[in-house]
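Heads up, the chain shows up twice below as structure tokens, two forms, tagged structure 1 and structure 2.
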Structure 1
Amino acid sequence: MIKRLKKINKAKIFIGFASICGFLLFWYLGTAYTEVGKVMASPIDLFWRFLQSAYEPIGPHTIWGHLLSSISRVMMGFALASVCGILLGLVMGSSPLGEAIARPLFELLRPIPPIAWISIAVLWFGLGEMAKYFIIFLSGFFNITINIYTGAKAVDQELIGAAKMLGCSDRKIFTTIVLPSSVPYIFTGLHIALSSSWAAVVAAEMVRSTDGVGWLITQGMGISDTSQIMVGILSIGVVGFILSSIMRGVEAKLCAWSRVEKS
């Protein structure tokens, strides 16, 4: 049985690898032999450019500097969004009064895409970093709040009953039951928020910035340098993937008790 599984996995990996190689070949041929090549960089160009960006600055930093800028912005906005989002989500989810006060305002603001705030954010905060942090904060905040709100509301009433029956006071219900129950939802929310925060930082940097991976892309467009754009896109994809995997790992560790057996 295990041998069969190993065989299938080998085929999967091999075909996957071949598929990517096929795609790269197709890309190369396309840029080498057609009109597209005039605009679009070939994979080989991209490869060298990518290596180059590690030690030769594009604009103010090398690729590492840009990545650092973008990631630190995400971390700032995401951290703030997490704190505010978790608090608001828990309040809305466990207190009907809190829900009545906060929910309508929340639902009115939520449908507005975070990036649409950029213009007014620039008017409010100027052309500096604050406007970007604000956008990143917004994109994380709405996602986290809604997930935790749903989670806090979805607490199994029977568990609350069991806790009361065992002698738990109403005050302690929140910390001993609602909070632990909500943890899986908190992590789902954080996971989604991290992805959207990463997208938001890219968007914010594309619209208004002097560095960062988003800046790399728009600047590349300005000088018609597709290899620079591709370097940017590649870094965005890789970092996005890494962030997502880290989050998933943390989630798996801390929420092991809630995973349902898959049939």
Structure 2
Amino acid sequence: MIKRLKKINKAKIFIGFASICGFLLFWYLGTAYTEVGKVMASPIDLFWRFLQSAYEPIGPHTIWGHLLSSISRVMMGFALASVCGILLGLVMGSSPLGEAIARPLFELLRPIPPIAWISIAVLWFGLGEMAKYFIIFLSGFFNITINIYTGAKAVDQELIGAAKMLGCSDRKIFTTIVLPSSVPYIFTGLHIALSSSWAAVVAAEMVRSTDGVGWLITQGMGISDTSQIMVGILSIGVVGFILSSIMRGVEAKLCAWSRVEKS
């Protein structure tokens, strides 16, 4: 069984690598032999431009400085969204009164995309960093809240009833049943929110930024530099993949008990 799983994993790795190589080949041929090359850089040109941006500044920083600025903004907004989203999700999911008060307003605001709040963010917070944190906060907050609310509502009611019959207080039920049962949902919400927060950094950095990967893209668009635009896009994709992988690894370690129960 173990050997079979290893063979399956190796096959997946090989197929994944082959698909990436096929995509790059298709991209290269398209830019080299068709009109696409006039509006899009080839993968080879993009690779060398990315390496160049690692030691030659684009604006105030190299690519590493822009990535650091973007990541710091995302982490600030994501941390605040995590705290607020976990608290609100648990309150709505475990308290009928909390659900009655908060859920109608939450459901009213949830469909609004974060980019629609840019003008309001500028009016409320000005053109500084707070407006960017606000946009990133919104992109993560709703994803975290709805996942944790779902987790708290999915707790086995028979288990809660049995705990009440044994004399457990509401606080004890919350800390020993509701909260542990919601942990897998919490990590799912955090995973989704981290990805959406990172994606929202482009919109956030459109609010008068002087650095960041979002600034790279918008500034490249202003000077019609497709290579610079694609360097920014590639950076967003690579860092997003790394952040997602880290979150999956943390979830696998801390929620291993949940996977054992399911198996």
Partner chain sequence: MKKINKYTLISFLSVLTFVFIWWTATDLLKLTSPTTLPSPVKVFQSFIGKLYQTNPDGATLLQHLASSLKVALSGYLLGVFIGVPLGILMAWYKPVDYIVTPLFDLIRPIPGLAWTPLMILLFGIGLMSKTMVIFLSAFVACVINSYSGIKSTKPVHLWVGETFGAANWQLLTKIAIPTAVPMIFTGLRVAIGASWNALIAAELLASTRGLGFMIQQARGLYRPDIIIVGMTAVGISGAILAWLVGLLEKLAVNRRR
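Throughout, residue numbering runs from 1 along the sequence of structure 1. All of these numbers come straight from a predicted model, not from anything done at the bench. C-alpha atoms forming the largest set that superposes within 1.5 Å between two forms make up the rigid core.
Asker: The form predicted together with its partner chain: 1 or 2?
Answerer: It is structure 1; that copy is the form predicted together with its partner chain.
Asker: After the core is matched up, is the C-alpha of residue 128 off by 2 Å or more between the two structures?
Answerer: No, the C-alpha position differs by under 2 Å between the two structures.
Asker: Return yes or no for residue 165: a CA shift of at least 2 Å between the two structures, with the rigid core superposed?
Answerer: Comparing forms between the two structures, the residue 165 CA shifts at least 2 Å.
Asker: Rigid core fitted, is the C-alpha displacement of residue 19 between the two structures 2 Å or more?
Answerer: Shift of 2 Å or more: yes.
Asker: Upon rigid core superposition, what is the positional shift of the Cα of residue 28 between the two structures, expressed in Å to one decimal?
Answerer: So the C-alpha of this residue moves 3.6 Å.
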